[in-house]
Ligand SMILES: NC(=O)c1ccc[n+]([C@@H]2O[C@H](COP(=O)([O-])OP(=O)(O)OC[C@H]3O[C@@H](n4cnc5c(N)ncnc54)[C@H](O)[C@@H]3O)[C@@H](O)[C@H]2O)c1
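In the form predicted alone, a lone chain appears below as structure tokens.
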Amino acid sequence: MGELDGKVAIVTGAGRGIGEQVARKLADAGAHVVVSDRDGDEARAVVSALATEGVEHVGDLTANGTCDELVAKAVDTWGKLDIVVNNAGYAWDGPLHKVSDEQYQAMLDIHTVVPFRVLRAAAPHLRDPAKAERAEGREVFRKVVNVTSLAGVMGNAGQIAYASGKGAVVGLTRATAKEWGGFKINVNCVAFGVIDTRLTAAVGTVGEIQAGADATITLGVPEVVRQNFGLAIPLGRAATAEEAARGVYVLCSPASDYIHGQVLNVSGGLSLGMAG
């Protein structure tokens, strides 16, 4: 038996990278997973490889109504919701004096507004069962894990918009934790350092992504920056997506039943200092 047998989870941005690995870990522990991603082919491929029954949700979460549709997909399919992982996101970088209004808003939309909308839609499905359980004197823990970044916790030069959106996730997490603690809904946050994904690959090697309404941006970072990752990280290297997903999984598991309103740094020690 798995420790998450019968649980129902939503993971956004789960078509690849960290989100995919989180979905796999939840399913390996027995949970049913809604794999949410803009790329339908990627989402379906992840679902087909899960250890349990899963389902894909394909759509742009920044579009009006899509977050509500995502939550409805989980509840309509399995009748409940136990775990929400707000992982979807990307980086559209630039220094403050060069960031456009569209760029800044796009980072707020995906990193702050989307998690808010997902949790607002999920609220009755997390809170209402808890009210009944509380009346019966039972404790049943449900989980929310929001994904931030060290850029959002400590700031990072050249990532003004990204850092703003990710920083707001921390406030969203802690305020929600105070509102929902009485319902035994653990609300926590994971702050990632450098993870080996498309966002940190060599620039120009992993293609482009749509940013905002009309723009496209080239993914990745300059090779000179990549060469310095090991110097800045005490453990000497970036994390794999699977290693990053372990931190999220802990906060989705019974191991986190008394962990609440926290930001867990998964950074190999990079949180000890960032370049200014």
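In this text, residue numbers run from 1 along the sequence as written. As the structure is a prediction and not an experimental result, all values here were calculated from the model.
Beyond the structure shown, there is the form predicted together with this ligand, which is absent from this document and is the topic of what follows.
Looking at 179 to 187, 116 to 124, 129 to 137, 86 to 94, the stretch with residues near this ligand in the model of the complex, meaning non-hydrogen atoms within 4.5 angstroms, turns out to be 86 to 94.
Though this ligand is absent from this view, in the model of the complex it lies within 4.5 Å of a heavy atom of just one residue from L81, A161, V153, I110, which is I110.
Although the partner is absent here, G15 sits close enough that one of its heavy atoms falls within 4.5 Å of this ligand in the model of the complex.
None of the heavy atoms of R44 is located within 4.5 Å of this ligand in the model of the complex. At a distance threshold of 4.5 angstroms between non-hydrogen atoms, G59 is in contact with this ligand in the model of the complex. Among residues of the shown chain, K143 is not one whose heavy atoms approach this ligand to within 4.5 Å in the model of the complex. Residues of 148 to 179 placing a heavy atom within 4.5 Å of this ligand in the model of the complex, in sequence order: T148, S149, Y162, K166.
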